[in-house]
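Presented as structure tokens, the chain that follows is alone, the form predicted on its own.
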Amino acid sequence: MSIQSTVRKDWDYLQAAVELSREFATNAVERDREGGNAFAELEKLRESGLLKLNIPTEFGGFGKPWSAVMQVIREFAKVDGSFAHLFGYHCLNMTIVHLTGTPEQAARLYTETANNNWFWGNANNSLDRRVVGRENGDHYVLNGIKGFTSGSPYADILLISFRDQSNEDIFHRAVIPAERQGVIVHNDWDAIGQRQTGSGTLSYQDAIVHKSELIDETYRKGTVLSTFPPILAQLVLSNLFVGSAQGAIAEAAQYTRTQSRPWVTSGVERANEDPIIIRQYGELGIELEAAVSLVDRAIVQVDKAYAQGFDMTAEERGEAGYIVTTANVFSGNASLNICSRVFEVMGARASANKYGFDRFWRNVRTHTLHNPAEYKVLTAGHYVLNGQLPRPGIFS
């Protein structure tokens, strides 16, 4: 029986995300400590119906906008940054075919994903050019290794990229089954954060990619919407950042109210009565509200631009890109600060590993290192000073 047939007509995607987040929270600390993979939790995500959230209704999905996707990401990040990342990039990966390929390719893959409730993994790191494809008749033979392949251990289907052996300037993208012979997921991710995203390496040993599996990027070439994926990716991370900060403050406040001890010279009986601690929570809350407001503004702008489809103008894309850039930088910096400073309002005992409060900072820190904020600040500066809209690129 398909998920489509088991989900009620009055299904509330956000309530489904909240309920799933509560389940993830029951063992989030233990899973973060263990690392590796969380296949049981992935199956719960699959059963929830959320994997089809932004697939258009005509192809069997729920047809929700990007704002809905971002709400779910934020909800997951409150307890589990790994699943916020996995879900967000699943939605992004399958959308790339719609944005850059032919309508027929998008329709087929959307429909098959909805019918089979597939989870999409990512082996599309375009900065890593170590995978080379040799043309052989109606297919390519791939060899090499690709890093940062988030979601690959869980994947039913993979978005991949490789360099053409005949011309190193030609870069192909394709969609293939994850169990394709010669595709090896090494499951070797060992970062300080995002520990269950499976973002390690994937290698190819004479793996075949049929030419029919290549994304035909000539069809949408020159359209503004085809350059939109990096903006969506940065918005995914922005919501992961603010969700992590929201989760860190919520868990810290609970701990402060129930377990923190007042300082000996504070003159109060309970830590949550200490005016210094209260003021610190006020500062954290103000910073969080500012970050959330800016990210929410970016979501509205992205929904508005994306709704234009292939009629989107360069100016609409640029305006969305600018506000997402500012939201990403501000929310990343704010979340790093919040997720670190919560220890100041909880006390020394809160640093015990059993609580796992440090996972919020580690998750945000891991992601902010992938896309240096300094270069985004330059992008914003060009706009503010010279009126130059963000130029389409791998990360902008």
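Residue indices: 1-based, along the sequence shown. Everything numeric here is computed off the predicted structure, so don't read it as measured data.
From this point on, the text means the form predicted in complex with another copy of the chain, which you will not see here.
Within 4.5 Å of any heavy atom of another copy of the chain in the model of the complex lies no heavy atom of residue 143. Contact check for residue 171: every heavy atom lies farther than 4.5 Å from another copy of the chain in the model of the complex. Not displayed here, another copy of the chain is approached by residue 358 to within 4.5 Å at the level of heavy atoms in the model of the complex. Heavy atoms of residue 278 reach within 4.5 Å of another copy of the chain in the model of the complex, making it an interface residue. Heavy atoms of every residue among 272, 286 and 294 are located within 4.5 Å of another copy of the chain in the model of the complex. Site annotation in the model of the complex: the residue of 38, 55, 329, 50 reaching within 4.5 Å of another copy of the chain with a heavy atom is 329. Among the residues 317, 78, 98, 195, the one placing a heavy atom within 4.5 Å of another copy of the chain in the model of the complex is 195. Residues of just one listed stretch (58-66, 41-49, 22-30, 363-371) have heavy atoms within 4.5 Å of another copy of the chain in the model of the complex: 363-371.
Contacts of stretch 117-155 with another copy of the chain in the model of the complex, defined by any heavy atom lying within 4.5 Å, are made by 127, 148, listed in sequence order.
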